[in-house]
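In the block that follows, a single chain appears as structure tokens, in the form predicted alone.
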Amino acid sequence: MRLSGRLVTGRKTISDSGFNERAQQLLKVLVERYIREGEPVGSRTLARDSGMDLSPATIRNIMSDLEEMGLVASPHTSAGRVPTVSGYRLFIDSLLTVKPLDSREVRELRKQLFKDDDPKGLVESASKLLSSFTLMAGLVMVPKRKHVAFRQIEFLPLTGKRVLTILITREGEVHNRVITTRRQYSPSELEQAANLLNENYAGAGLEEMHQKLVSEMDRNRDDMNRIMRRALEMAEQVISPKYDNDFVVAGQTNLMNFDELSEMNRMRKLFDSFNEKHELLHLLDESMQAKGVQIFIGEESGYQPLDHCSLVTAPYEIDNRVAGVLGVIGPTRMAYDRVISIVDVTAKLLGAALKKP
């Protein structure tokens, strides 16, 4: 299994003499203990759990070295230490042993995924399975499609400058989206704009339509007639190569069971991110370029609501083409050895289920 991620270095590098085999073992024990218990780990606990014949003074010195390297930190309320993002990263990249799922769990995943023939149902099932197997939040990107043809578009006025857009594909799928226009349009103006798009672009693939719209707007912006410009500006908000990029999430409320995520303001920002989706979709898009499992720990994601979370993702393929990404969001002290296997296996099974005849 291939893992990829981002390494954040501390003040002292891990190649320094202070980071020897004993330090690695103590860091491994500390991280594993903290993941299980969620409490700062003291020197006495490390001495007992490590099985190494080291004096308390020696352990304290090693912990000081690890702290100087930026791999552990000392909370103000405790004499023990906790892993930092850099500590987790080193643990995952160098010290972690991934536990394969047992055959019973793999059979259960396969059974649940392969019982649904509908792609949307498969995506929803996968997100629920990721959540139930990890007791965290599972999310699955809706598969990207190679070619989706546009059949009809309709604009309906809402309050103010908001417009409900209804887009129907040639396959009969209906997509609704609320857009905000530069000014308020009357129902007759919106009808004119929709008629113009339907007359000129019906039957075109959405990516092709997007390219034509951008080209037309760039070429004719100065002299384009008023109705055409209005229609293209509204369509540009709706139709893009990623119009169908979305993800399904399940088990968000599981995250409330972790003390480090349960603070109200922190939880609100996290739940807002699930609803707004934009930044999470950016991370999932980025993960589509990775080979195998990718892990974002805390602030490595670059997205503030996930500063106290880890995101473990893996791309899934249909006919040897990456079609989407799935993953798990949980606290940074998640059981990576198990979560990585669950995400990796689910990605492979979902790809197989989506391409079955």
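In this text, all values refer to a predicted model and were calculated from it rather than measured experimentally. Take the two forms, superpose them, and find the largest set of C-alpha atoms that agree within 1.5 Å; that set is the rigid core. Quick note: we count residues from 1 along the sequence shown, nothing fancier.
There is also a form predicted in complex with another copy of the chain; it is not shown, and the following applies to it.
Colleague: In the predicted complex, is there a heavy atom of another copy of the chain that lies within 4.5 Å of any heavy atom of residue 166, even though the partner is absent here?
Modeller: Because a heavy atom of residue 166 falls inside 4.5 Å of another copy of the chain in the predicted complex, the answer is yes.
Colleague: Under a 4.5 Å heavy atom criterion, is residue 186 part of the interface with another copy of the chain in the predicted complex?
Modeller: Flag for residue 186 set to no.
Colleague: According to a 4.5 angstroms non-hydrogen atom cut-off, is residue 117 in contact with another copy of the chain in the predicted complex?
Modeller: Yes.
Colleague: Would residue 195 count as touching another copy of the chain in the predicted complex under a 4.5 Å heavy atom rule?
Modeller: Result no; residue 195 lies far from another copy of the chain in the predicted complex.
Colleague: Out of 196-204, 98-106, 265-273, 68-76, where are the residues with a heavy atom within 4.5 Å of another copy of the chain in the predicted complex?
Modeller: Of the options, only 265-273 has residues within 4.5 Å of the partner.
Colleague: Of 282, 182, 111, 162, which one comes within 4.5 Å of another copy of the chain in the predicted complex, counting heavy atoms only?
Modeller: Contact with another copy of the chain in the predicted complex is made by 162 alone.
Colleague: Check each residue of 172-187 against another copy of the chain in the predicted complex and list those with a heavy atom within 4.5 Å, in sequence order.
Modeller: Contacts from 172-187: 172, 174, 176, 180.
Colleague: Using a rigid core superposition, assess whether residue 157 undergoes a CA shift of 2 Å or more between the shown form and the other one.
Modeller: The answer is yes; the displacement is at least 2 Å.
Colleague: Is residue 113 one of the residues whose C-alpha moves 2 Å or more between the shown form and the other one after the core fit?
Modeller: After core superposition, the C-alpha of residue 113 moves less than 2 Å between the shown form and the other one.
Colleague: With both forms fit on the core, is the shift of the CA atom of residue 168 between the shown form and the other one 2 Å or larger?
Modeller: Yes, the C-alpha position differs by at least 2 Å between the shown form and the other one.
Colleague: Distance change of 3 Å or more between the C-alpha atoms of residue 280 and residue 177 in the predicted complex: closer or farther compared with this structure?
Modeller: Pair moves farther apart in the predicted complex.
Colleague: Note whether the distance between the C-alpha atoms of residue 349 and residue 173 decreases (closer) or increases (farther) in the predicted complex, against the displayed form; the change is 3 Å or more.
Modeller: Closer is correct, given that in the predicted complex the C-alpha spacing of residue 349 to residue 173 is reduced by at least 3 Å.
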